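Shown next as structure tokens: one chain only, the form predicted alone.
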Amino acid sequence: MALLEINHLQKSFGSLNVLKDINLQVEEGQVIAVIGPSGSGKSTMLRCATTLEQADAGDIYYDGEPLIHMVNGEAVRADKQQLKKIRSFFGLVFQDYNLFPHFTVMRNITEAPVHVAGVSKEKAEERALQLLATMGLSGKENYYPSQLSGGQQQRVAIARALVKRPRILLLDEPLSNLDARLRLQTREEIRRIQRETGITTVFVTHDQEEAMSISDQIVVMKSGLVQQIGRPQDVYDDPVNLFVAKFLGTPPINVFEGRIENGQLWIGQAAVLPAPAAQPQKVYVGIRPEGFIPDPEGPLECRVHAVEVMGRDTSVVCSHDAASAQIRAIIDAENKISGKTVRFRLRPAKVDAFHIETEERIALS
């Protein structure tokens, strides 16, 4: 049984259909990152799962306990006793921390256990000190939030969520208010804390690099629908559609207009790869930046605009008539690029074809 199970979840705000049909299972011990552009429904899904918003339809279960489930087409919701039990399953951390500025770190962490859950002050403070040590914040228990950095405040917010010993930790854009350096440091801290505590974690973010670095699985959302779920590298290597391919990757995937003809994948007048399994048709061709190999005999010829040496790698900025935007190829720095054009052969594993209308991926071989 999944620790958190969401089936056919729907949510609208007036005429705006935010969640259309969300399905997700989170197993105990997993770290799941939910990613997608703004407006895709990520935070609304999390808010429905934490009772902050009321879902219109669908099923949400925590370890078999129903928060909402459908019976004969009607939504049946948890009663007060069930809600109390379900809320004990999860701890929630927001992007803006929500720390009480006039409380010390210790009181921020222990206020709810002592005054809501009825835990003794001594026991709550004992747990808080253990968590502060795990968070790397020993000695900060008598500080006020204004005396801490943004990353430290975020870790206090996580400690506050963990002090009640939830089964699952839910993080809603927890790093979006931090600068780039602090984001990197704090996400490493979150991953370390998860490994040490073993707590199941669902992490909502719009940052695909953040998601891929911290999670066991990623859930890619768009317009209220889940597009793909899988291990980060698997989703990167085998996107189900062009949206997923374009959303993941830095630099982003390069997209060309192409065609499949005579068992070959064509870009312009160049047959770039065999495509024995695909029917003749027009397609979009996605090539990851690392999918280009400089080769004087290579089939794909591009116009060179800039060569940027980045230490170990070189970025070749170029163009092709079949591409609507500039192409960026990442190659080994040992390759010397000179002249106005460059020819490439392609790594088959880094090339995907997509249906011109549905934008779904097409198997080439």
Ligand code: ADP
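Position 1 is the first residue in the sequence shown; the rest follow in order. As the structure is a computational prediction, the values presented were derived from the model and not from experiment.
We do not show the form predicted in complex with adenosine-5'-diphosphate (ADP), though everything after this point is about it.
Would residue 356 sit within 4.5 Å of adenosine-5'-diphosphate (ADP) in the predicted bound form, counting heavy atoms only?
The answer is no: residue 356 has no heavy atom within 4.5 Å of adenosine-5'-diphosphate (ADP).
Answer for residue 338 alone: is it within 4.5 Å of adenosine-5'-diphosphate (ADP) in the predicted bound form, judged on heavy atom distances?
No.
Using heavy atoms and a 4.5 Å limit, would one call residue 43 a contact residue for adenosine-5'-diphosphate (ADP) in the predicted bound form?
Contact with adenosine-5'-diphosphate (ADP), yes.
Does at least one non-hydrogen atom of residue 299 fall within 4.5 angstroms of adenosine-5'-diphosphate (ADP) in the predicted bound form?
Result no; residue 299 lies far from adenosine-5'-diphosphate (ADP) in the predicted bound form.
Could you tell me which stretch in 318-326, 301-309, 64-72, 30-38 has residues with non-hydrogen atoms within 4.5 Å of adenosine-5'-diphosphate (ADP) in the predicted bound form?
Heavy atoms within 4.5 Å of adenosine-5'-diphosphate (ADP) in the predicted bound form occur in 30-38.
Contacts with adenosine-5'-diphosphate (ADP) in the predicted bound form, stretch 10-26 (heavy atom within 4.5 Å)
In sequence order, 13, 16, 18 come within 4.5 Å of the partner.
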